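Presented as C-alpha cells, the chain that follows is alone, the form predicted on its own.
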C-alpha cells in the first residue's frame, strides 16, 4: 500500500515542454487546476502529498516520475534521456533526501526515464526507448539485484515510454495498449486490452485498491470497473498535450 506521493507544481514554461502529441499548446491556468484535482485524487486514495515548487528552468519538471524511482529499498536517481531534462534530478534528489531514503544513481552513458520502468512486486520491467538505453537498463538491473530484486529489459517500438502503453493494476492484471498486447514479456498476465482509439488511457495508476483513470475514455474506464476496480477519473488534457500521463505526475511510495 502507498502512503505518500511527491508532485511538482507545473511551471508557466510548461507550454514549451517536449511533445510530439500534436494537440496544441497547453493552457497553463487549466493545467494548474487539473494538477490540483490530481493531487486531490491521490489524497482520496489515502496518500499524504508533498508538493514541490514550480521550476521555470525545466518546462517538463512537473513529470516527476522520470528523474527518480522509488523501490522498497530506497531511491534511484535516473539519468533522463532528454538533454533538457537532465537537470531535473537535483530538486527531486533533495526532496527525497528529506525523506531519509537511501539513494543510488544511474550514470552516463546510461540513460533511464522512470516512465520506462514498471514495478510488479519485486520484479521490474524496463522499456528500451529513445529515453532509456541498454546501459541505463543494465545499471538499474544491477542495483535491483544488489537489493534482492530483479529486472528485465523490454524491447518495444512506437511508444514514448513503457508506461505510455502499460499499467500494472495489481493482482496479476495488466492494462495494455495494442502496441504491447501479445508481447512475450507479458504473456503471464491477465491483460485488459485498451481500445486503439483510447490508447492514451493505457496509462492509469493503481493506488490502494483504487484506479485513477484519465477523463474522457469511457470504454477503458468501464473495462477496469468490470474487472472489479473502483475508479477515480481526473482530467489531464493539458498534460496529454505534452505526452504526459497520470503516472508521470507523481512519485508514489
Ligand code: CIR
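It should be emphasised that the depicted structure is a prediction, and the values quoted were computed from it without experimental measurement. Residue numbers count along the first chain shown, from 1.
What follows is about the form predicted together with the ligand, which we do not show.
- Residue contact check for residue 18: one or more of its heavy atoms lie within 4.5 Å of the ligand in the predicted bound form.
- Proximity of residue 79 to the ligand in the predicted bound form: non-hydrogen atoms within 4.5 Å are absent; the residue sits far from the partner.
- The closest heavy atom approach of residue 236 to the ligand in the predicted bound form falls outside 4.5 Å.
- Residue contact check for residue 136: none of its heavy atoms lie within 4.5 Å of the ligand in the predicted bound form.
- In summary, the region of this chain contacting the ligand in the predicted bound form, judged by heavy atoms within 4.5 Å and restricted to 120-128, 141-149, 154-162, 93-101, corresponds to 154-162.
- Each of 63, 115 and 242 places at least one heavy atom within 4.5 Å of the ligand in the predicted bound form.
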